[in-house]
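Coming up is one lone chain in structure tokens, specifically the form predicted alone.
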Amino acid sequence: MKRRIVLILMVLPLLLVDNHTYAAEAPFGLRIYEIGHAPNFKLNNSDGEAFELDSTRGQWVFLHFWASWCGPCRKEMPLIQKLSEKINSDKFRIVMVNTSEDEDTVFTFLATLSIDIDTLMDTDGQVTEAWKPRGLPTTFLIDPHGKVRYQAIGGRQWNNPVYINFLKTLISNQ
């Protein structure tokens, strides 16, 4: 019994530090959203290649739900492209999920904006339904242990140094 108490007392401060480290100074529009483990999903990308969210363990994941008909998504997509160019790390992964559109629509949209970020096809909307974004676009930040830590509802200036520095801080604190 004493051994368990000692172990709990040793681990508890680490848990508190872990949460504090991730919660430090989130930029405006990015809210702490700790809902536990990220629901796993499997989807194909626009080339038909399979992807599973659980394969990203060990990385910070920028999970972004979007659609081509969404005005804020259209404005935000080039900024996410710039973000992907500014944060080139094997500890960070951008995962784009298109909500309920066909491949031709997605391909045409991405080509029009010269977006070179792979996107996953949630053609039946089931993954979007499981994640329940409160609108589009919505972005979730998932830590390397697979826990959801932050959420951004609506478009953001992701290429702004405030967001880039915040994400780089998260990556460096793994």
Partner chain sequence: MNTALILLAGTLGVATQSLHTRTNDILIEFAPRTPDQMTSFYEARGFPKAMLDKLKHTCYITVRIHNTSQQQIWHDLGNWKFSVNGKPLIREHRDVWKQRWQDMGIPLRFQSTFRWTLLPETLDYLPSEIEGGNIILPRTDQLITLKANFKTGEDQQGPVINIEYDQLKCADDSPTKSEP
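Remember, predicted model here, so these are calculated numbers, not experimental data. Numbering follows the first chain given and starts at 1.
One more form of this protein exists, namely the form predicted in complex with its partner chain; it is left out here, but the text below deals with it.
- Here the chain stands alone, but in the predicted bound form its contact with its partner chain, taken as any heavy atom within 4.5 Å, falls in 28 to 36 among 111 to 119, 28 to 36, 141 to 149, 41 to 49.
- The closest non-hydrogen atom of residue 100 lies within 4.5 Å of its partner chain in the predicted bound form.
- Not displayed here, its partner chain is approached by residue 154 to within 4.5 Å at the level of heavy atoms in the predicted bound form.
- Proximity of residue 126 to its partner chain in the predicted bound form: non-hydrogen atoms within 4.5 Å are present.
- Interface membership of residue 136, defined by any non-hydrogen atom within 4.5 Å of its partner chain in the predicted bound form, is confirmed.
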